[in-house]
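Considered here are two forms of the same protein chain, supplied as structure tokens in two stand-alone entries, structure 1 and structure 2.
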Structure 1
Amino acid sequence: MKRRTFLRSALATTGVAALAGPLAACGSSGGSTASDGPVTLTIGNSQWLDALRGKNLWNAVVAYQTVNPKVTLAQEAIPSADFANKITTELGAGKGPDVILMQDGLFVTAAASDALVDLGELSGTPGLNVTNNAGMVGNTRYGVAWQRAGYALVYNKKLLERAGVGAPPTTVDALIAAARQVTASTGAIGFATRHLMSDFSGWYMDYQNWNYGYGGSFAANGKLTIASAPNVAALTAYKKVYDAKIIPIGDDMPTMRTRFKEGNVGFILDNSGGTLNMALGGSVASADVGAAPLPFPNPAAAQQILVGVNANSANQDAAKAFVKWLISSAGQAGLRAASGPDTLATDVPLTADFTAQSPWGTTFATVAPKEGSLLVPGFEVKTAAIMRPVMQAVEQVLLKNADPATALTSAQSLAEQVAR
């Protein structure tokens, strides 16, 4: 009898504990909602993990805690390769950080899914520049600019000097010649650029430079224009560079950036954020890094990161107040020092110290405002899905010597199915 009583009690206790768990979780979800009490805001960003720059950016952001001591900021650091997947999953599950710093593709997807809060009250903030237009989806503002990183042809000045290369190339043919000269004279890799499907999301973004550079666009007036003549010209030029054997085939972008930092790459196609990382902490001094506009007839592309407030956040008011501070003159001044030459939400000029130390920054500051968005216009939310058949067409051309026009026509047909 005693054993049976004990077993019954144990089962009952276990059952109650099992039920109490979820109930307790229900009761304790979300952060503090009291407007006057202490609040912890989590900020999701892949840049927190960037060597050197991540720490500087965080220090710039955490200065808010002295402005508003009731708020404690916490990082949610996610590697860039996993960022979109993780944040999308978290948002879909009704969770995620309070404030999210996300690239434009993810931003548009989140906004279209009603996962972001309306930030219309921030539109009147004085000094907001055109890069904040990317924070509008339809007529609603869901975000403001964090950084806009233009692309340029980055080069190692000392290697070019040793190879006897004069001014940076301004055409693709000149790039091929200069890269070959660098390799022949110094043994270094001539030109580094993404070229692998394993790096798909970075590759399609970098590839947009070629497209814009040749006057192309993947969509216009609500229709996909993947197989247009300028796009064919862009792919033909890219194929020419690939076949010139100046690219380190098989290297992913982190490896190519590391090789540049080690002084083993002459030219690299990269954005300002990547260049800042390469110029800090490697064996190539920042003063020995150069940047020139890409060797294309037209301006290229720019990546953009936007700041949004999670609609699932239990601290929306506090999050909005933080974002408001971020785009104020105080917030922008702090960010300027940590952001290198990236264009910010307001036109804060590059610091004299930075320009002296890193003269390459002025090139990025000049080109970024003119460069195009990485999203397919009119099909922003489906950009990644549309670019998959496009990049597969690029692969066909690179690896199987397919005709660019034929490959892009086939890609257009596949992309139209996805875009429906």
Structure 2
Amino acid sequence: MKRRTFLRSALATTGVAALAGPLAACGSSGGSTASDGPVTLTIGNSQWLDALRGKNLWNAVVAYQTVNPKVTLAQEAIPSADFANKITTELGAGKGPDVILMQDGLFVTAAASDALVDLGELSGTPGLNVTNNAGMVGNTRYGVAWQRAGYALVYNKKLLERAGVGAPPTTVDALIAAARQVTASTGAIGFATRHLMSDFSGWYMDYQNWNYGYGGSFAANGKLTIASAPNVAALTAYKKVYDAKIIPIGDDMPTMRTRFKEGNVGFILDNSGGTLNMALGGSVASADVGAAPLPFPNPAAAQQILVGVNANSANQDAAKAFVKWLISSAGQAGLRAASGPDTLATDVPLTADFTAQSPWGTTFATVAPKEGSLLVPGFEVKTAAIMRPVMQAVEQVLLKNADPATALTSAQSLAEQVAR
């Protein structure tokens, strides 16, 4: 009852669906012992539906059937927009896939509701890197890393060459100047980034790059710090870019990515998954795409997907054995070839074939381990609810020229009410 009530409450009051981002049969409820006979494990993930790499990711995973012929793997493929709602409903009903690949917001909600199995026995696995820290909730490991998608400043090399722009900009002022130069010389859009409240979940994730980049955080030591000086500086810089008229105001992210694919955008703030989509899915050759650290003083943010085992599963031991293989050298090698630029649970390097085709991937491999979580520290399960007044404040600054410090102070007051 605790699990069901918590999950339904989380979905209704904290907007956990907004935390889902870019995830056959359901596992049955029951005990935790594995049968000696054949076992079918279902794996829930939105990426099985990814047109660019879904098939390759599944082939990397299903290789486990060769290692353990008694296990048959089955997909639970759920569109990303529906993933959090569906998984939350299934978990609350005592159902759901045996193994779940979920973004960190949904992961911490499920872990806090006792819907995931303790995977502490995997903590000593050789080679696990820092991205696995996200699998810890309190002092317990409930998951390991599947992928971390870092953020970078992505650019069209040929447009920059035509515009006479040299090295990628390393400051906001330099970004504005370079973006204007691209537009003046080529007619292309200078810089693309999310900026619409209608894209709330994606916008608040992307926006946190600015706060991290300016040394900010939305909480520290158990208290919200929304109106802190670094956060005000971040919003002031963001407003400066918005007012520079280098952004295609009113365009949503799918439109901006399409324009980048078509060769009509100089710079775009995006994550490694979005960049893979643009680089391999349009008329711009992947070799003509570049990526650089975001033009901020500090490392930025990253999206994280984690692997957890469903506490409702009747096949918990078999599921844990599969996860153990997944983070082994053999499992990681297969996953590496299918994962493109994303950082994995171990520091298995990008493949030579991928880096030859897409040299921009090395930038993401460098920045992702240093980038911070998109969850508000100490208030992880309430992240979406806290970020709504924050982004409403950002909108007021952009559209109505509200003072950044005043707007964020008001947002902190509202956020404190939902954080209680």
Partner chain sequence: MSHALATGAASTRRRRIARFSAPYLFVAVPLVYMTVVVFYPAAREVWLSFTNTKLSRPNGGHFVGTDNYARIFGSDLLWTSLLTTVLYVLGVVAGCLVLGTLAALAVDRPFRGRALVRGVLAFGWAVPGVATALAWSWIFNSQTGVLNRITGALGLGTHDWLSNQELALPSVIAATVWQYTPFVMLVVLAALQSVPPEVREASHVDGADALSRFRAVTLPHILPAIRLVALLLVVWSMRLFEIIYLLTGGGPLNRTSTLVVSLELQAFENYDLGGAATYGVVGLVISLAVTVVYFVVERRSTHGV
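So that the term is clear: the rigid core is the largest set of C-alpha atoms that superpose within 1.5 Å between two forms. Note that this is a predicted model, so its numbers are computed, not measured. Residue numbering: sequential along structure 1, first residue numbered 1.
Remark: the form predicted in complex with the partner chain is the source of structure 1; structure 2 originates elsewhere.
Superposition of the larger rigid part on its C-alpha atoms leaves the smaller part rotated by 11 degrees between structures 1 and 2. When the rigid core is fitted, Ala314 shows a C-alpha shift of 4.5 Å between structures 1 and 2.
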